[in-house]
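Heads up, the chain below is alone and in the form predicted on its own; it's given as structure tokens.
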């Protein structure tokens, strides 16, 4: 990877359409300053920011543990006018809070793309251009969460195609259409992953990405006048959703540049938002070439405050995607091992860890909100039991976010797939609407989540 000095000199000499973006990146915090530890308040000061002490989170001098949800489309609902649905958002935040779910992981940046299953509209409408109504959606969401004493984890990019993400950056600066690497068109997931991983080594893409980071993180909320960097509602900024060094088959050559990208980008964010935490959004070993040690190495930087991992037994063929009950027992055993391995890695590294995505299909692979969730409920219970046991033992596990809150979202489409203008559910556009969503009507699953939230808080 180019050094900052070399990149800046190149930018000044190169000129052209990317000059402003590259020079803006050069004007950011110096690498040395960005690597410094974040500002900390005196011990016991109640300022509302979540901090890290050893392998645990602390909030206002007390341990902070949580049972949360993924609510990726929360900012979309928060947009003003017909673009959003603020009444739905307010009602669902109330329902989540009542259930004890007060930590939400939310998409904060999407990119307009030509992907078949990309979300529309997007926050970034073109390189360096932003949809102000969707940014105001983040404003509204954060303000409403603050009113309910909830915490937000905001991710700033996506390895996958459903929000544009890294492959769209690659397209902008190579001129290659995303359709050439669209896995929903080609079925070639390895090719897509390798294309997405090109993002880390394209200087112009990194400059634009940093501009997008700065646009969000330094924003002033139009609802309450708070700067995001001064808002304790924001617990953490994540580099991306599930960033990977490439495909499992071909990703090893990309690992050094990926590791450097984690360190540099996390340091850049720390320089902008020293009161808030930084995490990567990683799936864990499965998303790091299926290697525990490479996952450890990628996160072995002082710029990453805590670790994340995800758990997808049916996507990873540990359970039957069309009938999760069929291999529920054996798949759950593998899931427990995956949890334990990552908690042990976090203990070894001396950082907290969060299970920031996990999910399972509805019974018989159905999508209808009226269908059963017997296998899912058993899986959720097993996950929560293991998380709670490790937390009780004093281990580094600090919380979890199930995937994903579907709330009142419903589709009327016969193929269950999302199209622009449809209500949002927890399942992004490339997946059937109902695949992993926890709907507002899923009383049994919600009761399990709520009981776990209470048990985690009782540890405090």
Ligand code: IFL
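Numbering follows the first chain given and starts at 1. Because the structure is predicted, anything quoted here is derived from the model rather than measured.
The form predicted together with this ligand exists for this protein as well; it is not shown, and the discussion that follows is about that form.
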All of 242, 312 and 428 within 4.5 Å of this ligand in the predicted bound form, heavy atom check
yes
Any chance residue 204 has a heavy atom within 4.5 Å of this ligand in the predicted bound form?
no
I'd like to check something about residue 162: if you look in the predicted bound form, is any of its heavy atoms closer than or equal to 4.5 Å to a heavy atom of this ligand?
yes
4.5 Å heavy atom contact, residue 139 to this ligand in the predicted bound form
no
Does at least one non-hydrogen atom of residue 439 fall within 4.5 angstroms of this ligand in the predicted bound form?
no
Stretch in contact, per heavy atom within 4.5 angstroms of this ligand in the predicted bound form, of 154-162, 374-382, 196-204, 131-139:
154-162
Contact assignment for this ligand in the predicted bound form, among 357, 305, 182, 92, heavy atom within 4.5 Å
357
This ligand isn't shown here, but in the predicted bound form which of 424, 57, 403, 66 has a heavy atom within 4.5 Å of it?
403
